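The form predicted on its own is given below as one chain in structure tokens.
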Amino acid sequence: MTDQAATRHLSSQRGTDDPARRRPDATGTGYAHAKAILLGEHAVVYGTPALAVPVHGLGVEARVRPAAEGVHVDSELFAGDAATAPGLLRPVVTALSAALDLVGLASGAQVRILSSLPHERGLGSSAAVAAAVTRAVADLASVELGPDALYKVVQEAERHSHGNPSGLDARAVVADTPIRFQRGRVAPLEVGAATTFVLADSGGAGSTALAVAGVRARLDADRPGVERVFARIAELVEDGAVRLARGDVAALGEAMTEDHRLLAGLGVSNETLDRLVAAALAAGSAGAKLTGGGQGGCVIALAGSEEHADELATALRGAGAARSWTTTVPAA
């Protein structure tokens, strides 16, 4: 039985005895974390692979309670009737509606969103919020969603945010380990040695939709040239997976830095991101690059150790980063 079929089967058995319907004080909770793309963004939209790592220190918790009618959202960005929510929250409303339909709860809901994940920084905030809300609705209905059912709901919400998302964010924000992603499918990555990364916020919002549109325009203007870039990025992704599995930080860093140069050539970097990458390399990082949609958002830099990560963070803030975070991927 598929994930979706199993979910339909569970919800069809609930009827009027559903505890979420009988108990107005019931609360469902859900969580999802940030992600960082290690290698392969933008090319992944055209079917090449990409690697992503979880950022467990940044996340979103959603709490959903049943309501007699209507949907009320309470978050730092907006509080009120979902029908009047700003465009930034439309993916959340989409995920909530799809999740309620999926688990068979047709009544209204009150949604509280608690997030430490910055918006529009290429760290998967919209996907993480959608995933947390979907998990909270499923928890409220006492339905366990399989990964494919969860992915379908989050991906539907992501289309409202990014237009034509690859699906990487929808998978990465709920993956506990680094993943290889291609055309909707994921596989866990081997990690040969604990690897520490520093994420630095450029201070400017990125726009995945605009960046993707820019790459599309370049592809339309010079398909052979851009496809060669995509092919090289795909090679770096596969090499990067091998290097991560071997714990070869130096070689992984070389792949990251080359990937950044290729992405810059596609027009998805900017002066601030380039400056932060240069500052990370000057401070001893084995490799650094933009992560996510680009044209703003964050860079990710490899640290030699957790102590070196502190030095990198200081250097990046000195180069203009608004804030930074450190995350370590354990050996596995």
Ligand code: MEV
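Quantities reported herein were computed from a predicted structural model and do not represent experimental measurements. Note that residue numbering begins at 1 and tracks the sequence as displayed.
The following text describes the form predicted in complex with this ligand, which does not appear among the structures shown.
Chemist: Pick from 303-311, 29-37, 270-278, 53-61: which stretch has non-hydrogen atoms within 4.5 Å of this ligand in the model of the complex?
Modeler: In short, 29-37.
Chemist: Scan Pro165, Pro178, Pro91, Gly253 and let me know which has any heavy atom within 4.5 Å of this ligand in the model of the complex.
Modeler: Residue within 4.5 Å of the partner: Pro165.
Chemist: Please tell me whether any heavy atom belonging to Gly293 falls inside 4.5 Å of a heavy atom of this ligand, as the geometry stands in the model of the complex.
Modeler: Because a heavy atom of Gly293 falls inside 4.5 Å of this ligand in the model of the complex, the answer is yes.
Chemist: Is there a heavy atom of His42 no more than 4.5 Å from a heavy atom of this ligand in the model of the complex?
Modeler: Taking the distances in the model of the complex, the answer for His42 is yes, it comes within 4.5 Å of this ligand.
Chemist: Could you confirm whether Ser202 comes within 4.5 Å of this ligand in the model of the complex, counting heavy atoms only?
Modeler: No, Ser202 sits far enough from this ligand in the model of the complex that none of its heavy atoms falls within 4.5 Å.
Chemist: Just to confirm, Thr208 within 4.5 Å of this ligand in the model of the complex by heavy atoms?
Modeler: Residue-level check for Thr208: yes, a contact with this ligand.
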